[in-house]
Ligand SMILES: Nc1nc2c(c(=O)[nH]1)N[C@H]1C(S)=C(S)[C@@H](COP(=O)(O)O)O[C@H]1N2
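We begin with a single chain expressed as structure tokens, specifically the form predicted alone.
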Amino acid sequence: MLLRTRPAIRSSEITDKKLYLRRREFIQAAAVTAVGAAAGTLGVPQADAAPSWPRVKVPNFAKSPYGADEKPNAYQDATTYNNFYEFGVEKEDPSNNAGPLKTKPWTVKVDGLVDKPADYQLEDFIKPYALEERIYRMRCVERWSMVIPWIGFPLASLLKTVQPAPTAKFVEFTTLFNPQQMPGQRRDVLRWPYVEGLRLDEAMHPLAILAVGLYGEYLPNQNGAPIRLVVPWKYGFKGIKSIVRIRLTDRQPMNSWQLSAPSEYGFYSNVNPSVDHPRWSQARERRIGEFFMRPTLVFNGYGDQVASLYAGMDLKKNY
């Protein structure tokens, strides 16, 4: 019997690597610097080198009111410190290893319990929908968070186009499987290809989007190019990247982390500070670029919009 094991949590997985390396420097400085002066320097990462991947502007998108009062993280934070196990398990692996991924041409299959199944070329897949920028708080199960300006369109818009059958209850998403381009898939870290799922009513919620860009530009490979899911009230691993298939079904999909470690990861994966991961508390989080931790918000702060989806459910049991 083949057993898959997850890498043990590393300090770099719960703290911005730049800040982790500077902790001793901060403590030494704090001993000789007034508190007020020291506070002004907290969470200021060192400048990084210019990115080596192509940066292409998205030509037409609208600004939405979502997150307009939020301060986004730096572009470099979001593009060099993230999870994408298809390219490696370390936070810097995606930005270092995702260059060979070919995103043109790209086909997205939509099938299952829909009235209008089809194989779409990416350009045709996106064309009917107006793109807009939404600034969302994003929370990782590893206790770190960011604020990212995504560019995309509501997943509900696509679902209305393909017309789910009355028996459809769930939406299943699948990532590209190509070990030649995705070296992480050569390792038995997860069952490949990566699969995620939502309940249909979750997928139809206006906060759930299919993203094609961030920071005014098309997605770089390491962030899920050319199209990915963003569900801001759930932990980040629900945001499946480099999607090639969207299937509607009457059965709850088993997502990849659920298959790999069912005692640690459930189907819903809603941000809930009262449900600890078996190996660490979820009550607090560290915003990348900040030194001090902050309280974790229920549903990542989007409870007013999404709590009704889970009325009557035991959210500790349905984690």
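Keep in mind the model is a prediction, meaning the values are calculated, not measured. Residue positions are given as counts along the sequence shown, with the first one as 1.
Although it is not shown, the form predicted together with the named molecule is what the next lines describe.
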| property | result |
| --- | --- |
| Contact residue in the predicted complex, chosen from C140, L113, I126, V244 - any heavy atom within 4.5 Å of the named molecule | C140 |
| Stretch in contact in the predicted complex with the named molecule, which is absent here, among 151-159, 102-110, 83-91, 200-208 (heavy atoms within 4.5 Å) | 83-91 |
| 4.5 Å heavy atom contact, R134 to the named molecule in the predicted complex | no |
| Contact of S145 with the named molecule in the predicted complex (heavy atom, 4.5 Å) | no |
| Touches the named molecule in the predicted complex: S95 (any heavy atom, 4.5 Å) | no |
| Touches the named molecule in the predicted complex: Y194 (any heavy atom, 4.5 Å) | yes |
| Partner contacts for 228-261, taking the named molecule in the predicted complex and a 4.5 Å heavy atom cut-off | R228, G236, F237, G239, I240, K241 |
